[in-house]
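One chain comes next, on its own, written out as structure tokens in the form predicted on its own.
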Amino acid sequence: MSSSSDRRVHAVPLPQALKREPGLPAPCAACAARTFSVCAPLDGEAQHRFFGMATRLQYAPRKLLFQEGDAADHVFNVTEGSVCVSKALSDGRRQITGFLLPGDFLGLAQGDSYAYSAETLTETNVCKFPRGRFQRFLAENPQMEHRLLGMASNELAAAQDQMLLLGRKTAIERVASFLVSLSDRRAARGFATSPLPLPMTRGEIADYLGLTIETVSRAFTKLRKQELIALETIDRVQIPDLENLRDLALGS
């Protein structure tokens, strides 16, 4: 990962022309991620107060939002782009624990430091909030606290799925499951899935799935030969028959 001193980030300028939603701050009204973000339940007045706490930032690809062990002073809402989250292992390796999309929220910590690292995969826009002010805002706006709890429940379910993925599935089933899950998550947010963007490297997919790079590459080749996927480029995959790929992922 990039060192924490090598962050290229700058404030995001306000768009010149926005499709405004009545009652919301201009950037929020135009935000494509708002309807599935933590702030979705807020009315116009509350959204104005929430946006007033935010710093809108744009990160270049492959830059750290924060590193494991850093002081957990801020939380982040991803509004554009994609982010990889990971933990360092005792032997120096890393375990990638997830790939985040617009609408995902990160940075909440049990203690005073982050328990994982977060690095952008693509050019990424975030809203960054001071942790203390965010927590006070939650206490004053239970509808958003309820929303955040729902998102945390989904993350727990995803973690349980990941345990099953790593413990019981074959290599090709793991790769198929990864592609299906990413396609489903993008589709649920109204994003394009054909072709399916893969901003992560094969090595990062391997770290996420508990495989070697060579095994992941062989699995992609097998899926292509079975005509379950078509590789447009290294970072774009066509899935001509999602249901057949889903059956393979489920071991059917």
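A residue's number is simply how far along the shown sequence it sits, counting from 1. Predicted, not measured: the structure shown is a model, and the values here were computed from it.
The following text describes the form predicted together with another copy of the chain, which does not appear among the structures shown.
Contact annotation for residue 113: none of its heavy atoms lies within 4.5 Å of another copy of the chain in the predicted bound form. Among residues of the shown chain, residue 210 is one whose heavy atoms approach another copy of the chain to within 4.5 Å in the predicted bound form.
Contact check for residue 65: every heavy atom lies farther than 4.5 Å from another copy of the chain in the predicted bound form. Contact check for residue 145: a heavy atom falls within 4.5 Å of another copy of the chain in the predicted bound form.
For the candidate set 206, 28, 42, 198, a heavy atom within 4.5 Å of another copy of the chain in the predicted bound form is found for exactly one residue, namely 206. The candidate spot formed by 90, 97 and 150 is fully in contact with another copy of the chain in the predicted bound form: every one of the three has a heavy atom within 4.5 Å. Just one listed stretch, out of 70-78, 178-186, 120-128, 164-172, contacts another copy of the chain in the predicted bound form at the 4.5 Å heavy atom level, and that stretch is 164-172.
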